[in-house]
Structure formats: C-alpha cells, structure tokens
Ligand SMILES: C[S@@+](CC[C@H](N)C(=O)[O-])C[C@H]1O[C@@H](n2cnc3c(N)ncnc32)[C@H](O)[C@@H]1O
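One chain comes next, on its own, written as structure tokens: the form predicted on its own.
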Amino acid sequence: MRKFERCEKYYSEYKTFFEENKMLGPNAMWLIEILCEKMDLKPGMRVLDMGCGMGLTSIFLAKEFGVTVFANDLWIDPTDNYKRFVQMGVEDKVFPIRAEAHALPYANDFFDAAISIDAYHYFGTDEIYLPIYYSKLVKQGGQFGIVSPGLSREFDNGLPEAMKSHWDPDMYCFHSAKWWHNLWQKTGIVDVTHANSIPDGKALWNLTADFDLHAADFENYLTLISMTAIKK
C-alpha cells in the first residue's frame, strides 16, 4: 500500500484529529492527497470543499497549497469547525459554511476549483445536479475533483446476495468510475480529465469503515473512485 507523504508530514499537527476519530468514512486525509495529485492547485485560488465534514480536508488544502477554502457542510456545526481552523492556524484561509447542496450561497463563477471528498455521491448522482447547480459556481477553465466510495463495475444482475444484509439504501449512490465519467462528460459543460478506480481503493476504504460490507464483498465490487474535470 502506498505512503502518504503529505499526510505524514503533518501527522504531528493532525494527530489529535486522528485520535478523536473525526473521520466520517474512509480516511479523508489519504483521499485528498490522492485527488490533489490529479489537480493543479496554486496559492490564492478560491476552492469549495463540498461536504467537508469536520474540516480536515479544508485544513489540508489551506496548509499544503495556500488556497482559500470555503468549507461547506450541512451536518457539522460551522462554529465547531471554526474552532478547529483556529486551532490549526488557518482561520484566515478557511471559512466554515453550513449549506445544503441545492442551496449554496455562492456567486456564479466564484471558485477556481470545487472539491468533494466522500460526499458528492450523496447528492451528485442526479443528472441535473452538475449542470443546474454545481458547475455554475466554478469559472471557465476551473477545476472539479471528487473522490467517493464506488464500484469497480456496475451491478449487472442486482446487488449480490451476500451483501444485502449489510447494504443501506443510501449505498445505491455507489457507482463505477465509468458511470461517473459518462454522467459528467455528456453534459458538455466539462471535459473529464481523469476517472478511475483508486489503486488499493478497496483496501484503503476497508481500513476505516464498512467492515462487514467489505467482508461480504466476495466479488470485489467495492472500491474508491476519483474523477477530475475542467470547465469548458
């Protein structure tokens, strides 16, 4: 399994967050490092961190790339996130916002990039979400990037029997990288620059979450997918 050099570099700073289990799914710090290898983030950019959870990915983006981050989440109290940002010394770079995915309080063309780690699949499978809501927030030539739990291939014959007792209804938003590529590319709004399963994605996911589901995945459907795109 790969090493995460950027995450390890800051481990002493992030140690408290790891120990207090502020991860809400697969290890978001690993996933943001993987995604950023496929993107071109530069100091001064405005970045939307959509579904930021408790803000670890937002802190990482500000510290590693010098970008200004709008840390958007529906469920986590923005005051709690702000306290974490102050603790990590990024309160001048990261701004906590609470907003639902279909009612985002940002101007059109405001962001240089929009990133979502372990969240986009919960609202973005709707075919109209990218063209009507999400894409408008990013300027022409701006970047999109997501990492989500997904499938190595679609279920051709329905959900495997062994997985049924561990499958929650909201998991039907899990899809393959090819499915996601087609969903975005057909809009004509973006050029998808990368869409694939993450190497060792299943193993990385299984280290932190959904253990029973993975144990029942005898046919190796489960994985993590990453996708990036540029707005035309």
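This structure is a prediction, so every number in the text was calculated from the model and none was measured. The first residue of the sequence shown is number 1, and the count goes up from there.
What comes next is about the form predicted in complex with the named molecule, which is not displayed.
**Q** Can V138 be called a contact residue for the named molecule in the predicted bound form at 4.5 Å between heavy atoms?
**A** The answer is no: V138 has no heavy atom within 4.5 Å of the named molecule.
**Q** Even though the named molecule is not shown here, does I117 get within 4.5 Å of it in the predicted bound form, heavy atoms only?
**A** Residue-level check for I117: yes, a contact with the named molecule.
**Q** Find out whether any non-hydrogen atom of G201 is located within 4.5 angstroms of the named molecule in the predicted bound form, and reply yes or no.
**A** Outside the cut-off, so no.
**Q** Is Y106 one of the residues lying within 4.5 Å of the named molecule in the predicted bound form, judged by heavy atom distances?
**A** Close contact is absent here: in the predicted bound form, Y106 is far from the named molecule, nothing within 4.5 Å, heavy atoms only.
**Q** Can you pick the stretch from 158-166, 83-91, 119-127, 106-114 whose heavy atoms fall within 4.5 Å of the named molecule in the predicted bound form?
**A** Only one stretch qualifies here: 119-127.
**Q** If you apply a 4.5 angstroms heavy atom cut-off, which residues in 37-55 are near the named molecule in the predicted bound form?
**A** Sequence-ordered list: M50, G51, C52, G53.
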